[in-house]
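Read the single chain below, which is given as structure tokens and is the form predicted alone.
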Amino acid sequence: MDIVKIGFLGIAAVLLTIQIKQSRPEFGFYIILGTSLCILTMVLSYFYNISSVLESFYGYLGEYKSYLNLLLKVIGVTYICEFCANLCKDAGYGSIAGQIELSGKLSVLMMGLPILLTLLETLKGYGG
């Protein structure tokens, strides 16, 4: 089970960072960054499995494939922003992390506006 490996890797990195921060605090961030990148590469292997399932979804969606693409983009933006914001928080730069989170939220909002517009046009078609 990969999740067990990821969990143990994370716990080991945190314990190692706690020990090293006492003598060499500048190395703590590098350990966390390296561990985060290792976990990210392990998680990326799941995306290959997910992409094969999504290919089968495309056959069912027909003309609505753009909605699935938009959903995947939104998910990607949220994961990237969360990953980067957490790294900034760990490094002690909470204000930058907050700005990354805000930009991610605004990006998701901007990506969702076309869907909202389509929904409003559909509702207008039924009402008038």
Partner chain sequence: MSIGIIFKIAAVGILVTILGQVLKHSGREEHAFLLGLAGLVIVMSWVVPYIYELFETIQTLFSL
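Quantities reported herein were computed from a predicted structural model and do not represent experimental measurements. Positions refer to the first chain, counted from 1.
What comes next is about the form predicted together with its partner chain, which does not appear here.
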Residue-level question: is Ile115 within 4.5 Å of its partner chain in the predicted bound form, judged on heavy atoms?
no
Can you check whether Lys73 is within 4.5 Å of its partner chain in the predicted bound form, heavy atom basis?
yes
Taking heavy atoms and a 4.5 Å cut-off, does Phe47 contact its partner chain in the predicted bound form?
yes
Counting only non-hydrogen atoms and a 4.5 angstroms cut-off, does Val53 reach its partner chain in the predicted bound form?
no
Quick one: Ile96, Leu102 and Leu109 and its partner chain in the predicted bound form, is every residue within 4.5 Å by at least one heavy atom?
no
At a 4.5 angstroms cut-off on non-hydrogen atoms, which residues of 28-60 are near its partner chain in the predicted bound form? List them in order.
Tyr30, Ile31, Leu33, Gly34, Thr35, Leu37, Cys38, Leu40, Thr41, Met42, Leu44, Phe47, Tyr48, Ser51
